[in-house]
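In the block that follows, a single chain appears as structure tokens, in the form predicted on its own.
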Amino acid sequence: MVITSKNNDTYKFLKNLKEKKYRQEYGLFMVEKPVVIEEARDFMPKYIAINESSYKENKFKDIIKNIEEENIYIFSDNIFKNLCDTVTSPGIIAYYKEVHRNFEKNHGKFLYLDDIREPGNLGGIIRSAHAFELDGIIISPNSCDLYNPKTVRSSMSSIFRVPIYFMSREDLVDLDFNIIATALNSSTSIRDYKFKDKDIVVIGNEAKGVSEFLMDNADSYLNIPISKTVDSLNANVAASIIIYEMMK
């Protein structure tokens, strides 16, 4: 059955998941890229939405073949576009349960994102963490939404592969780990720092840097040597360089 009405309950439910408050309420997030859905085959989507034309063409038959029929919803092209976050949709959206977990580690190398605000930066950092096999990423409560569609798109399928945690600054400094803040002054170059198996490096907010609280409570400080003609690096770039150095 093709859903054609905007008054349909399923349509209204899935459309609401474009908003953060509803994603949090239902513990679901959306993935629009078919390649990501295919790469995340180990994770079963809760729901699948497909536009009518793609369904008739059997465009995504390999993606949906293992999904229960009652969890697949077909929408007319006219209203399907309202479910999408992108301007040009490939015609399919998968909805997954949240993937973050509780932090119960006593060793490893991690990154702490201290109020990162740009979804594209967050997604890119997750992608780099996956590429260089970082042990995980810890996100502060006031950072941008992990499940923002832009974050998910930027991370590709890495959001499913990297252990991701949420934690306050206060809980972070209570861990039995070395807390290392990134700072320009009175800090050690990443070229000289010897990373250990109980290190958490803090990446600060794009505009303000690392918070005063974590600067005051850090065990040590780290910098990336760059040209004096450049003020700073993009948070995603800086984090990616640090992850590489941590794991090489």
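For every residue, the number given is its place in the sequence shown, counted from 1. Just so we're clear, the structure is a prediction, and the values are computed from it rather than from any experiment.
The same protein has a further form, the form predicted in complex with a further copy of the same chain, not shown here; the description that follows concerns it.
- No residue of the trio 2, 5 and 14 has any heavy atom within 4.5 Å of a further copy of the same chain in the model of the complex.
- By the criterion of a heavy atom within 4.5 Å, residue 167 is excluded from the residues contacting a further copy of the same chain in the model of the complex.
- Among residues of the shown chain, residue 190 is one whose heavy atoms approach a further copy of the same chain to within 4.5 Å in the model of the complex.
- Under a 4.5 angstroms non-hydrogen atom cutoff, a further copy of the same chain in the model of the complex has residue 131 among its neighbouring residues.
- Proximity of residue 10 to a further copy of the same chain in the model of the complex falls outside the 4.5 Å heavy atom cutoff.
- Of the candidate stretches 190-198, 177-185, 210-218, 59-67, only 190-198 has residues whose heavy atoms lie within 4.5 Å of a further copy of the same chain in the model of the complex.
- Of the residues in 211-248, those that come within 4.5 Å of a further copy of the same chain in the model of the complex through at least one heavy atom are, in sequence order, 224, 225, 226, 227, 229, 230, 231, 232, 233, 234, 236, 237, 240, 241, 244, 245, 247, 248.
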